[in-house]
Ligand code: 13P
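Only one chain comes next, encoded as C-alpha cells, the form predicted alone.
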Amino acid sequence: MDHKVCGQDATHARIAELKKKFGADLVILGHHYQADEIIRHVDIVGDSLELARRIPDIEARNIVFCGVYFMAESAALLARPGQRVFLPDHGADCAMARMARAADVERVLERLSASGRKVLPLAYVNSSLAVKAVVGRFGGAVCTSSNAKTMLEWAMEQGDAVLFLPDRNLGRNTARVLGIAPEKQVLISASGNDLDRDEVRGAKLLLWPGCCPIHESLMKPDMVDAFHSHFPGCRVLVHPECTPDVVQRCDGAGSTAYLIKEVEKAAAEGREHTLCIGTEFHLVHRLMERYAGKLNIIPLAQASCADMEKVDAQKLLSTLEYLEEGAGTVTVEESLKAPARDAIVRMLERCR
C-alpha cells in the first residue's frame, strides 16, 4: 500500500475522531476555495458573507476557520465572549488584502476629509481588520462580492463620493452595474499624493489600486472569446474580481455563491450542456465532480490560491490536537474591535 495514501487516511481518521471527541464544543468553518481534503471535515461551508452571517449564531466554544487570515480575524471579532477562533496556518494571508495598509488608507481619508468633501470608505471584505477599523472610524462599511452593489448604493447615499478599496476591479464592475459613468471613476495611488488632481476632486468613485492576482492575471479576455468560439451558445460565468474587460465579455459575473447557484440551476433544468466558470480552481473542480454526467463544467483558467492551499489536512489535525492548549488562536487588538465591528455590522444590518 502507498505509505502516503495510508498516512492521509490516518490523518483524516484522526480528524474525525477528534471532531467526535469535542462534539458540540467545536465547529469547523471553511471557505469554498479550500481544497477537498479540508471541505470533507467542514461543518459550515460558504463564501465570506455567508460565513460572517453564521458566526453570531454559533454556540460552540471553539471555532476553527479554514480560510485566510482576514476571514479568521472577522470571525474572532464577531465571536461571543469566551469563544476561541483558530486558524490552522497564520501564514495563510491574502495578496489583495496586503495591497491596502491601514496607515495608507487612514492618510488618504484624512486628506480627503481635509478637502471639505465627505468621502465614505467602502472596504471589500478582503482587507485586514486594521483597515476595517479605519473604515469604521470614518463612518464606512464592509462589503463582499455578494452584496457589493447593495453596499455601494448605500455608500453613495451617505456623502459626496466613495472610496472603494482595495479591489479596483470589483469597484469598476459594480459601478458599471449601477450606471456610474466611467469619467466619474478615478484610480488613485496608495500614497495619496495625487488627490489634488481635478479628476479626483470631481469623481464620485475613487478606486484603490489593489486587485486579486489570480482573477486579474490568469483570466484574460481572449480566453473568454476562445471559449465562446469553441462552444457556441454556451455561457461563461466569472467572479467580479476579474478585470472589466473580462467581465464585459462574459454572460454573467457574481460571487462564489452566485456561481454555485447558476451551476445548480443549469444542472437541474438540463437545458445547457456546458458552462465555463472563471474563479478559484478548487471550487470549480468540486463543481465539475459534483455535476459530472449532468453538466460539462470547464474552468476558464487553472487558477488556485496559494494562500488558501496553506491550510491542509495535516495543519487542521495539528490545530485539533492542540485545541485545548489554545495554540493557533486568532486575537484582535482591543483598540480595533469597536470601529471594525461598526464597519461589519453596517453591512450585516443593511443586507439583513
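Quick note: we count residues from 1 along the sequence shown, nothing fancier. What you see is a predicted model, and the numbers here were worked out from it, not measured in a lab.
Quick note: we don't show the form predicted together with 1,3-dihydroxyacetonephosphate (13P), though the next part is all about it.
- The partner is not drawn, yet in the model of the complex one stretch among 236-244, 128-136, 155-163, 74-82 has residues with heavy atoms inside 4.5 Å of 1,3-dihydroxyacetonephosphate (13P): 236-244.
- For the candidate set Q185, N169, T256, N147, a heavy atom within 4.5 Å of 1,3-dihydroxyacetonephosphate (13P) in the model of the complex is found for exactly one residue, namely T256.
- In the model of the complex, 1,3-dihydroxyacetonephosphate (13P) stays beyond 4.5 Å of every heavy atom belonging to Q34.
- Contact between Y124 and 1,3-dihydroxyacetonephosphate (13P) in the model of the complex is found at the 4.5 Å heavy atom cutoff.
- Along 36-54, residues D47, S48 each place a heavy atom within 4.5 Å of 1,3-dihydroxyacetonephosphate (13P) in the model of the complex.
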